[in-house]
Ligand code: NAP
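We begin with a single chain expressed as structure tokens, specifically the form predicted on its own.
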Amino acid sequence: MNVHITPSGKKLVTVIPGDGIGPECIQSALRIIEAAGAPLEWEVREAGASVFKKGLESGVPAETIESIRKTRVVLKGPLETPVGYGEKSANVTLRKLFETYANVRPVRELPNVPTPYSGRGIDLVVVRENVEDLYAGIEHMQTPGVAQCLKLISRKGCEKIVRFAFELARAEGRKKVHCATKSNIMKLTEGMLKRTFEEIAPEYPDIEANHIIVDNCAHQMVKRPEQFDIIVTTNMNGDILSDLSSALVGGLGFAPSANIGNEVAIFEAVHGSAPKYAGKNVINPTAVILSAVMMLRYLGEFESATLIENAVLVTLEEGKVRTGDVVGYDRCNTTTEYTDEIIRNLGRKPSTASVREYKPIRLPQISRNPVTVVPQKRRVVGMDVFVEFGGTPEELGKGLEQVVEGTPLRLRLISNRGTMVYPAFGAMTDNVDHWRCRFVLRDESADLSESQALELLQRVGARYQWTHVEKLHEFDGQPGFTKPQGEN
């Protein structure tokens, strides 16, 4: 971890106040950090709505990028993506620009914050892969009425997030890691995370490792959340599960998070910019304060982090000063009063809650080589050609069989939205105009050549509107593609 040290010997942090309630929450956190005596200095930069409105479509100006490249650590408020400005979320842009591949969302039961789970001792962390999966944002309209989003899961991405989860468990003295996937349905993509988890888990014999189907994980989080310690999962699953976890302990006002990579770490609350509360001095800044506590531990400032976390717990425990999301905005204290109370409580320890013992986390060191899996044997056994067609499966099937007659390829099947519809086997499907047409080599020991692939596309394209193509790879004798529903 490279940290920029200022001439005064302090650690420099890029601060992005953010939009809406962001500046108020960030100001609260900075006041508390300074009162705790943490040796930090701030470099304030902008991103989000104000930048979009200046016409910069990324929402992140060059000066902000340069500051982050220098400091390597960011504390930020929520960023808004205004309707009509920009194409991508500035939050997602920052995560992707700096390869912050691990999203860390801790939740714990907090004193005097009543929930249906009070007294259950919830204390878990959702570790979410942060740059791949459906959130890579690669989408295409395949036909005027059918959209596609590519779910990209890499072996490298899985190894990084799995190792991170186990290393986090060790750093926080936790004993269990659950890997939550939908690998029973998506056997190649979600299955990649499951297989990687099971390969790596034996390297951490001190940590109990369990795989759980993600829908059962959500069920169990509601039924018995105290059974979980760390949950590691893919990007979209983690987005959903981590918001669920926040609701168990009092809502987004108490939900901190970190986006951590091997070069840069970004700390932020989970909640949004809540513009209707902006400037009213009534917002709950706890999520940003606890995000700052995570940042201090990342920076090795464990004493200051514990000092602040204890002060937050004492403030909540005593309940003299309450925020609007807990008691209602018509009778709550101000953000300033809440911040002042935390500062007054610095140096005190709660009587009903405790702070974990933390150690520095050892970040995974994975090769930067793009190639991480090298098969001994590989072969292309055929092609899936996706066709836009408004007729029946029988019409398309008969026509494609004529197209490839006398060629090295034959039509094996046609599927529609993942269900085999040709040859017919009795399925009652409501078809759309988007058909996956699977062609395989007649010689099952052969390898499809580039010229054969191009000839197939030319032949199909002469008669039908093809929109997408996938080679059917076989690696080390195992198919790198799935069967449709209904194929035996």
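What you see is a predicted model, and the numbers here were worked out from it, not measured in a lab. Don't overthink the numbering: it's just position in the shown sequence, from 1.
One more form of this protein should be noted, the form predicted together with this ligand, which is absent from this view; the next part is about it.
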So which stretch, 223-231, 118-126, 177-185, 283-291, is the one near this ligand in the predicted bound form (non-hydrogen atoms, 4.5 Å)? 283-291
Indicate whether this ligand has at least one heavy atom within 4.5 Å of a heavy atom of His271 in the predicted bound form. yes
In the predicted bound form, does Tyr329 come within 4.5 Å of this ligand, counting heavy atoms only? yes
Is the gap between Ile16 and this ligand in the predicted bound form 4.5 Å or less for some heavy atom pair? no
Using heavy atoms and a 4.5 Å limit, would one call Leu79 a contact residue for this ligand in the predicted bound form? yes
Listed residue (Val113, Leu252, Ile361, Ile212) with a non-hydrogen atom within 4.5 angstroms of this ligand in the predicted bound form: Leu252
Name the single residue among Glu318, Asp325, Glu99, Glu109 that comes within 4.5 Å of this ligand in the predicted bound form, judging by heavy atoms. Asp325
Applying a 4.5 angstroms cut-off on non-hydrogen atoms, the residues of 13-29 near this ligand in the predicted bound form are Ile21
